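In structure tokens, one chain follows: the form predicted on its own.
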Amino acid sequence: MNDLIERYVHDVIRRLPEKDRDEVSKELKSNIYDMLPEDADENEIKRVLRQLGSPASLAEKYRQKPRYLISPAIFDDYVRVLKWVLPLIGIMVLVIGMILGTVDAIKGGVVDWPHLISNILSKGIAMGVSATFQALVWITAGFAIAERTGGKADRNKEQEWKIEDLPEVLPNDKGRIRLADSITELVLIVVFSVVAILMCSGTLPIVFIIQNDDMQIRTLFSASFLASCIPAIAFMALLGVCACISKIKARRWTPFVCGAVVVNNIVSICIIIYLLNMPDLFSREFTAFLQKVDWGSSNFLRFMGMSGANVLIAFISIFVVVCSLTECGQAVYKTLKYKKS
């Protein structure tokens, strides 16, 4: 019988800011037990809980302030995401801007060092600040949409609320997926996918440097390979976004969320392995560069029939497969552990 009370209180306080949850939990439990007669049975408990109303509406009454664009319930997660994501995106785009400034200066034949450094820094800082503000807007929009979607679902279910629908209380809430983690993952997927597509389209250069008598900048991958990567990156980004949305909506490790994560990783593995085995993966310049590299174990490579390029492809493939399968295993483990709780 006490399990129903614990589940009801849990469903109320999970919608409140963390700093208010302990106080509200104690107050709500005290009110419930005051409303119950001594030696109350399960029917009496259900009657009192129905009298209190749905957990969503009761949580709204416990809020000390009205709703904002980012409600107090998720404000801590929102700030945590901003602290982690904004510096990362700002620094990353700053470096990209400085690289673009350097390439533009080399193409323009700029030899004046003060002017060169000024152009590089100004381009990098401008792109970094712009990207940081855009990330702020998108993160805020993501949290606002997630909050409004969850609130709308709660209001739609309020009229048909049933005690049997109360969520189970997990030890330390181990089955919970933090909203901050899901939105951070969503933002990073979008940012890195956009950067990758810009690189593949030629907007951002993918280069390596050969130091001979002079500095030469050559493309790393072939043009045909980069062109084929654009739809693949867009499709993998779409799968990743869908997996993140499923996490944001469920907030817990459910079979559907687990399936979305596993499908995303397995399909991504297949696409990446297919791209890495394309015959025109590397440019001619980079292939020639790899052939000149002393790999140390050349006898072993000849015995295995592998070239330097094949070694690099094999290493990348193994790394991708291990990381993706590890994420799939963690998703399955967390889902099964949650179901047993």
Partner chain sequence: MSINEMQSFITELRRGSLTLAVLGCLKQSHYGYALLETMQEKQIDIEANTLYPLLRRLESQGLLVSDWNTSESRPRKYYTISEKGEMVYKELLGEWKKLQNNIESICKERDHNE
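Take the two forms, superpose them, and find the largest set of C-alpha atoms that agree within 1.5 Å; that set is the rigid core. Because the structure is a prediction, the values reported are computed rather than measured. Numbering follows the first chain given and starts at 1.
Below, we refer to the form predicted in complex with its partner chain, which is not included among the displayed structures.
ask   = With the partner left out of view, is E327 within 4.5 angstroms of its partner chain in the predicted complex by any non-hydrogen atom?
value = Contact check for E327: no, nothing within 4.5 Å of its partner chain in the predicted complex.
Contact of F282 with its partner chain in the predicted complex (heavy atom, 4.5 Å) = F282: no, not in contact with its partner chain in the predicted complex.
message = Does any part of A56 reach within 4.5 Å of its partner chain in the predicted complex? Heavy atoms only, please.
response = No, A56 stays farther than 4.5 Å from its partner chain in the predicted complex.
task = Would you check, heavy atoms only and a 4.5 Å threshold, whether V320 touches its partner chain in the predicted complex?
result = Although its partner chain is absent here, V320 would stay clear of it in the predicted complex, with no heavy atoms inside 4.5 Å.
request  = Taking 4.5 Å between heavy atoms as the contact cutoff, choose which of N310, N277, Q51, N43 touches its partner chain in the predicted complex.
outcome  = By the 4.5 Å criterion, the partner-contacting residue is Q51.
query = Listed by sequence position, which residues of 29-52 have a non-hydrogen atom within 4.5 angstroms of its partner chain in the predicted complex?
reply = Going through 29-52 in order - heavy atoms within 4.5 Å of its partner chain in the predicted complex - the hits are S30, N31, Y33, D34, M35, Q51, L52.
key: Residue shift check between this form and the one not shown, rigid core fit, S25 Cα at least 2 Å   = Passes the 2 Å threshold, so yes.
ask   = For I273, is the C-alpha shift between this form and the one not shown 2 Å or more after core superposition?
value = False for I273: its C-alpha shift is below 2 Å.
ask   = With both forms fit on the core, is the shift of the CA atom of V9 between this form and the one not shown 2 Å or larger?
value = True for V9: a C-alpha shift of 2 Å or more.
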